[in-house]
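Starting off, we have a lone chain in the form predicted on its own, written out as structure tokens.
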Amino acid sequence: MKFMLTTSRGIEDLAKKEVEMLLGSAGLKGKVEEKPFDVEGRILTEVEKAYYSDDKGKKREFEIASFLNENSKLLHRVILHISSTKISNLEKGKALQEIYNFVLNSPIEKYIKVSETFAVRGFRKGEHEFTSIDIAKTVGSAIYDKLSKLGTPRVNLDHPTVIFRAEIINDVFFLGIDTTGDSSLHKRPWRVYDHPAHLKASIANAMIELAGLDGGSIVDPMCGSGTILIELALRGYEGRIIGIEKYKKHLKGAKMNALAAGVIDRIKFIHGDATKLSQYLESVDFATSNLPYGLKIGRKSTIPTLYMKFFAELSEVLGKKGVFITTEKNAIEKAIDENGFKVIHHRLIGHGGLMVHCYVIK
């Protein structure tokens, strides 16, 4: 069985390791490939079917898709892979006709019964003359025509039994069944308060992985709605978890989210200013935060001063490592350097339509 897994661009290696770990923990054999066809944000895994005996001794197939959906921290979607190809001509009419023919010749009937309702969700990334709606309509027509040979297909766009996902990324076309559903895994059910620039939970977990936590104390000095802290607590992290937030509205929202996640007792929230960090903490082992940048802060001109003051305070209390993301490369690198820190890892991560810089420092 093949699965196309989606995640944020720039953390494919971390997601691959997580998938390998999950498969291994379940005793599943398979191989995992990041960036198939050089497509960012995608992982292709091929896993052998596995079985177990239920309470009555009956042989059951292990539901790999459900297992990944329920246990992954870094994935966005788990898509049962049907087929994929490179489109030879991206001119609108020719490309859509090529997609139609490809889907028509794909083994659709192996993945859906004629009696089941279906819908197609289209996704497009890159420069194209057609839209994601065009893709969905084209693929939907091909699936309908294919199933018509077996009976009368049933389309239900709102509540389908089977969701086909059709993606074209640059010149690569993927077709599969979306086992995750219409809501991405990064949209956590505990989020009852939305910060205007909240961090995706998948990226929060990537930052946690990059921090290499060893049980020490950790602070998010600009915690916003608490995403990093809540995700860490949900992992069962045993070290001290601290969140500091300047704005009361967001601090209240973070507490609401922590309460909804069932981890309010695991996090110490402080109403405070990150540029006065040493007033709240004598020392802390780790720090990680989605720093204010661009539209998040309103006045971009204040960022260099904010970063300089914050990292000056951080240098007084940080014992081991820090992980931070921002778009403001020059401002953060200057603040890191002038306050005696060293960058030990740097990468770009796709977030909210932007590529943000992620720094690991010590």
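As the structure is a computational prediction, the values presented were derived from the model and not from experiment. In this text, residue numbers run from 1 along the sequence as written.
Although not depicted, the form predicted in complex with a small molecule is the subject of the following passage.
In the predicted bound form, every residue of the candidate spot (H198, C223 and D273) has a heavy atom lying within 4.5 Å of the small molecule. Shown alone here, G176 lies farther than 4.5 Å from the small molecule in the predicted bound form, counting heavy atoms only. Contact between E167 and the small molecule in the predicted bound form is not found at the 4.5 Å heavy atom cutoff. Of the heavy atoms in A258, none are within 4.5 Å of the small molecule in the predicted bound form.
Proximity of E245 to the small molecule in the predicted bound form falls within the 4.5 Å heavy atom cutoff. Between 285 to 293, 232 to 240, 129 to 137, 97 to 105, the stretch whose residues reach within 4.5 angstroms of the small molecule in the predicted bound form through a non-hydrogen atom is 285 to 293. Residue-level contacts in the predicted bound form: of H76, R154, H250, R121, one residue has a heavy atom within 4.5 Å of the small molecule, and it is H250.
Taking A50, V317, V32, L306 one by one, only a single residue has any non-hydrogen atom within 4.5 Å of the small molecule in the predicted bound form, and it is L306.
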